[in-house]
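Okay, so here's just one chain, in C-alpha cells, the form predicted on its own.
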C-alpha cells in the first residue's frame, strides 16, 4: 500500500519503469563499485520483492560487500559479475549515477535489451533506456520503497531491514540535511514492518575491525586544517595493511566533526597513481560541484571523486579548489 505521506510517483518515466519490470521474467540488479548501504539495501529488498511476485532476480556486485554490511546479505546472494548467468530481460540499477561505477559488471549489459536506472543523485547521467531520478529523495531507499509499492510486492521484515539500512546509512543516521519528514515517515513505516533497528545500528556503526581502528589512528595522525577546511590522508601502504576495503569508510566524518569546519576531505591512495577523494560539508558548500570539477559527483553534503596522480599532488589540487569554494563568491 502506498505511503500516504509520500504519494506514488507519476509521469511517463515512472510508468515505463513499472511496466518494464511487470513484463520482465529475469532481472539483473547491479550494485555499484565499493557498494554502500543504500546500493546494497535497495537492491536486495527489490530483488526479494520481485521474487515474491514470480520474477527471477540476480544481484551482482563488482566489489566484495564490506564486512559491516554483510549482515544485509546473510545468504550471500550478491555474486560476482562472472557468476551471473543470463539471459536477462532487464538490468536494474539502484543508486548508481553513471556506468563507470559498475566496474566489471558492465560486460553483462551487451545482451540485455532494457536498462532501468533509478537514482537520487543530481549528477546522474541518465544512461538507461529508462531513467527515473528523484534528487529530492534523501536516499535511493525512498524510491526503492515506492517501487515496491507500485509493483505491489510485499515488504517483509528482512526487506524492511534492508531498506531501513539504505535510509539510515545514506542520511548519516538521519543527521544530514537531506533528511526530510518523508524520510522519517518511511523509516517509521519500515520499523512497523519489522525492520531490525538494533541490528542495523550495531553492524553499521558499532562493529569495527582491528584494521579499521588502525586506519583511523593513521588518518587522525595525518590531520591537516586550514580555517574551515580539514582533511586526512591514507597512503597505499596504510591501506595495504587493512584486510577489508570498507575499513576506510566513514573516516572523512572525523575531520568534518571538528568545531568550525565546513568542508572535510579524505584522500586515499588506493591504487598506484590514483587517489580516491571523499568530500563532506556541514551547511554551506555544495561539495558535489567540487567533486564534479574532478570527474566525480554525489550530493550537496557528501560527494566523491577518483583523481589520477600522486597523493600530494591530488591533495594540493583538491584543497585549492575547496579553499576557492569556501570563499563567499564560491559558496553554493
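All values derive from a computational prediction rather than experimental measurement. Positions refer to the first chain, counted from 1.
Unshown form predicted in complex with adenosine monophosphate (AMP); subsequent notes refer to it.
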item	value
is_contact(residue 305, adenosine monophosphate (AMP)) in the predicted bound form, heavy atom dist at most 4.5 Å	yes
Contact test in the predicted bound form: residue 203 vs adenosine monophosphate (AMP), heavy atoms, 4.5 Å	no
Any non-hydrogen atom of residue 34 within 4.5 angstroms of adenosine monophosphate (AMP) in the predicted bound form	yes
Interface membership of residue 49, adenosine monophosphate (AMP) in the predicted bound form, 4.5 Å heavy atom rule	no
The single option of 238, 98, 149, 73 touching adenosine monophosphate (AMP) in the predicted bound form, heavy atom within 4.5 Å	98
Sole residue of 39, 68, 61, 278 within 4.5 Å of adenosine monophosphate (AMP) in the predicted bound form, by heavy atom	278
Partner-facing stretch of 39 to 47, 292 to 300, 53 to 61, 23 to 31, counted where any non-hydrogen atom is within 4.5 angstroms of adenosine monophosphate (AMP) in the predicted bound form	292 to 300
